[in-house]
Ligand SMILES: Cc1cc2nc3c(=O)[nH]c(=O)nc-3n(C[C@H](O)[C@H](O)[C@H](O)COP(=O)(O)O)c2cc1C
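Take a look at this one chain, the form predicted on its own, written out in structure tokens.
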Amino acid sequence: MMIPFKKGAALLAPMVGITNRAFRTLIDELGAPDWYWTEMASAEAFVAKARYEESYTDAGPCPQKTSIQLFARSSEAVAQACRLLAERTPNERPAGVDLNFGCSAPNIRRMGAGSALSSDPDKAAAFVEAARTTWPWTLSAKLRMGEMGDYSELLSFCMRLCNAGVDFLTIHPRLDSQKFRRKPHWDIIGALSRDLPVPVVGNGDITSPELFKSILDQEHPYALMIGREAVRRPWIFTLLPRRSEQSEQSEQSEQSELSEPSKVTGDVDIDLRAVGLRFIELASQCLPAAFQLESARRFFSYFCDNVSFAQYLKVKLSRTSTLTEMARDFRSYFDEVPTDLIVKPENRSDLDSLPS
């Protein structure tokens, strides 16, 4: 069993259109998580060498602690995609592969991929077995609670994946159809953590260090993922109680190459303008031209929640047609509202009341 991070670790969740190399680089500069996921990539498209698939499967800037997330329609495509990833040079090869059994987007489900596989445990297990034939390193899967939320069915499904060869499972404890409308069922994470033979990672609506610690203490998952809150506050990983004092000391003594010092600490004020402009710069440097503007729009649809006139700024940035215009309009906002420029990293002001 290959668990590449410590118990209590803080992980960056995969998010479509967001967790590309530009965003992961920004997160790394502001205070790196213990592990990264890419946005999901199509195994079939990657094998066919479709346009942009190299960007979707780019493991930088930290391939040694990054999992490529794949969704697929066939076990053959899974095996071939994993083989291609395994054949990359060591400095470009990801450290892990993650199979997506949780995406509930209608277009993904119509393909028979993502959360559609929650009702087909034989096929899902075959995907894991296929990945294991060509991928010798960390292998995981991410899923929801299924269509009905029956615990015995969920446990049986997870056991099939464990027996097929996953090293750990990530659970987003909502039904396939719930999206983000209801609160996660964190008790399910606790139950699976007790009942499964592999570590369980929890994911869903973690918005503060206090909530992060509370879930670790109450439900005892092996680790937790943060998604949307990491887009609102890309420095959030510097604020989290990620490990026990003992494991911190052990990790330091090992001088593991996976342990990089954070570049920002929890007591350093955050210059919002500098962070936003840095993301725009990274988007222009790291992403294909066709993805740059849309990725920046998605980023700012969350990041602008830090300012007083969030909706005004979101709309203004969404109407720009180039990154240059976006940078200009973002910069000018702080000329108009200079009191918004600097925030304390731990300050969410009214963000805790935002709907999930």
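Bear in mind the structure is a predicted one, so any value in this text is a computation, not a measurement. One rule holds for the numbers: they count along the sequence shown, beginning at 1.
Keep in mind the form predicted together with the ligand is missing from the figure; the text below concerns it.
**Q** Look at the candidate spot formed by A13, K142 and G227 and say whether the ligand comes within 4.5 Å of a heavy atom in all three of them in the predicted complex.
**A** Yes: each residue has a heavy atom within 4.5 Å of the partner.
**Q** Answer with yes or no whether A9 is in contact with the ligand in the predicted complex, where contact means some heavy atom within 4.5 Å.
**A** Judged by the heavy-atom cut-off of 4.5 Å, A9 is well away from the ligand in the predicted complex.
**Q** Give a yes/no on whether P221 approaches the ligand to within 4.5 Å in the predicted complex, heavy atoms considered.
**A** Output for P221 is no: heavy atoms all beyond 4.5 Å of the ligand.
**Q** Quick check on G204: any heavy atom within 4.5 Å of the ligand in the predicted complex?
**A** Yes, G204 is a contact residue.
**Q** If we define contact as a non-hydrogen atom of the residue within 4.5 angstroms of the partner, is I68 a contact of the ligand in the predicted complex?
**A** Although the ligand is absent here, I68 would stay clear of it in the predicted complex, with no heavy atoms inside 4.5 Å.
**Q** Using a 4.5 Å heavy atom cut-off, indicate which stretch of 56-64, 287-295, 319-327, 36-44 touches the ligand in the predicted complex.
**A** Residues of 36-44 come within 4.5 Å of the partner.
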